[in-house]
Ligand code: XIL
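The chain below stands alone, shown as structure tokens; this is the form predicted alone.
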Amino acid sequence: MAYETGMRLSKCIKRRALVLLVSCSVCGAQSLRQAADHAGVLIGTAVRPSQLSEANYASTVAREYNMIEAEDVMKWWVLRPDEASFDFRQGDELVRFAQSHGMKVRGHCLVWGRYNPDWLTQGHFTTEQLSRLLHEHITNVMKHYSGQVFAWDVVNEALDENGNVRDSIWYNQPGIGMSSKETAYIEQVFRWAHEADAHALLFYNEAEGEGMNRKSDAVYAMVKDFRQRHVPIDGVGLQMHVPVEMDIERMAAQLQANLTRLASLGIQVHITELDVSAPLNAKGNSRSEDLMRQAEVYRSVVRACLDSLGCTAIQTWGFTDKYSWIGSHSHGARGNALPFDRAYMPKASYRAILQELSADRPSRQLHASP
């Protein structure tokens, strides 16, 4: 039975691959950006400013996307080299690129328990000092980018796989003085962010919480509580770093259910870090059937977003396999996770995204701006 099911799925994927290849007349000569503008959704990618000097990199970003986000250069360890100073040069370069090409900028991220600079994590600061530093950081960064960054991942990955608040320098090591109140420190951070820039959209961003599980239940419960008590939170970011081997139908159904319940809270949802990794052989290549299956994962995620009026943005974590984080993270075991290959050629995944964005649907009003 498992073999027969696998064969049916393989034939289905091959048929869909043929459709992808022969029906791009539906897509015409449009880019993802053009199709997304027409569909009423933001299509974005994480960007490394250091690569913008590469002509193919910069031209692909400008042509294909209407939103960009910094992979690293708006994080603490880049923006704040020491306690006394801020370095906005790389972040400003990204903003200038976006402005020159009529793109929106997402900010990522103000508060995270990981990848903070040594001077902060090893500084033996007291709770009172950490609270002051964090408030100061949020205020300075958000005011610097006020009117330039339309949405921020205010807090990133604060919950563990069981939905409990994760140990961190901001929560309880030693924290900013609210470790006995669980999500209270997250609430405080959102209040500080809103004070710094009342016009920016404020998001909680989380990994492995796109389906229906204990973590996503905890995110939903936290946001529901915040909304009921008028804590200034505008949205949830679902990262979606997923493997090609996943059960596509189950993933799509759970994602749709989660999008529906989050939207019922009156917030927006952004897909923030989407990539779909595939196994690599010794030469760094993936099987063609895995790449076709990858296209179906991308298609399902885009479809789920477009079918939910609360989902207003779809963003991949990078766009070309040339610069994906997956290879180094998996020690070369996985990769080829993005819509463009290493030569900036569109893959089946790109065509699946474009087709889905171009499909006829009831009109959506693009309301991702504050």
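Just count from 1 along the sequence shown to find any residue number. Computed from a predicted structure; not experimentally measured.
What comes next is about the form predicted together with the named molecule, which is not displayed.
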{"property": "Residue contact check: H194 to the named molecule in the predicted bound form, 4.5 Å heavy atom", "result": "no"}
{"property": "Proximity of F88 to the named molecule in the predicted bound form, heavy atoms at 4.5 Å", "result": "no"}
{"property": "Contact test in the predicted bound form: N205 vs the named molecule, heavy atoms, 4.5 Å", "result": "yes"}
{"property": "Residue contact check: N156 to the named molecule in the predicted bound form, 4.5 Å heavy atom", "result": "yes"}
{"property": "Candidate from E187, D234, E71, E93 lying within 4.5 Å of the named molecule in the predicted bound form - any heavy atom", "result": "E71"}
{"property": "Selected contact from K215, H144, K104, K75, since only one has a non-hydrogen atom within 4.5 angstroms of the named molecule in the predicted bound form", "result": "K75"}
{"property": "Candidate stretches 167 to 175, 80 to 88, 215 to 223, 238 to 246, one within 4.5 Å of the named molecule in the predicted bound form by heavy atom", "result": "238 to 246"}
{"property": "Stretch 104 to 143 - residues with a heavy atom within 4.5 Å of the named molecule in the predicted bound form", "result": "H108, W112, Y115"}
